[in-house]
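Take a look at this single chain, the form predicted alone, given in structure tokens.
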């Protein structure tokens, strides 16, 4: 993509009312635009990052046997009344509206109920199970106070998978697969070394659920980490009994602030019972379907990556989720830079080509702010020295390489 074709522009300063670092950097870099508190447009550069994260999540979900679909944002009142979660006294973050014929609707904040209701049309026999269905979509939550930039918004992008199993034993096998898949996701997007499987409350249907918490000073949660075991406990459930259940010793635990980037729950029959979601087993007897849910905030991950990977100049994207692999800067050498751009694209290398007629200083500042992994500069000086200047965003020193060696260097 040529940068002159982008309608977005970088900014020296973020909006005065934006206090979170992730939103400040993403707004200044032209990745998102703040429409109102807790609501952000995802701009072209930001969408490329969201798509990269989504593709990694999709790949790992598919490997577990997940099947993707697209659920609806509009939700029927009667579906949610079956679990009493339509009541504002039970769930206080609904966005609700009314159709012209008087029918009440809500904007989905999660999808346990509609997915359970949907499956009553498709599950009747043990032969229909297990089912692992997920979607990647926008959900809506009427937060009393939107904060933390895109990490806690009123409108956000996430992945939710729901498992439908014959029994607890079959569910437990998938649950362990999901743990591995989540670990793979965090490793691939560059958060693996800072993200911990964290024991949290399992509610009324299991002893524990599991969160995935990424260490960050901007986190809203407090966790206690045992680095030897590579697990953590959320402060909300951390007590002597929990520590005993897990060998965990208070002298071994480190307290850290963290961002919850994903969670997985055993739901048991909490949602299958209200919807009479049953199947006939091998003996012809009716059994309730055993369920689980597996959530992951995709726009929250973009914010978390930004919070962790930055310096005084801007964002430093991990290669797997960067909007482009290469930022190509032409310093009054457009003819030669255009040739390089075409050659890189032909070699399936994603390039943002800064062909704008602005100063070199502005181009360098924008490149650092946007944070693409490789910067290639084509200048009169570099050509006289035998090629182009190449520099990795997370390194201080650049070097000159021959034009014919660029593709090899990047790949």
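Since the structure is predicted, the reported quantities are computational estimates derived from the model, not experimental observations. Positions refer to the first chain, counted from 1.
Same protein, other form: the form predicted in complex with a small molecule, not shown, and the subject of what follows.
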| property | result |
| --- | --- |
| Site check 66, 132 and 181: each within 4.5 Å of the small molecule in the predicted bound form by heavy atom | no |
| Partner-proximal stretch of 291-299, 190-198, 270-278, 71-79 relative to the small molecule in the predicted bound form, 4.5 angstroms, heavy atom | 291-299 |
| In the predicted bound form, residue 171 touching the small molecule (heavy atom, 4.5 Å) | no |
| Close approach of residue 108 to the small molecule in the predicted bound form, 4.5 Å, heavy atom | no |
| 4.5 Å heavy atom contact, residue 261 and the small molecule in the predicted bound form | yes |
| Non-hydrogen atom contact residue 219 with the small molecule in the predicted bound form at 4.5 angstroms | no |
| The unique member of 143, 128, 226, 336 whose heavy atoms fall within 4.5 Å of the small molecule in the predicted bound form | 143 |
| One residue of 161, 233, 322, 151 in contact with the small molecule, assessed in the predicted bound form (non-hydrogen atom, 4.5 angstroms) | 151 |
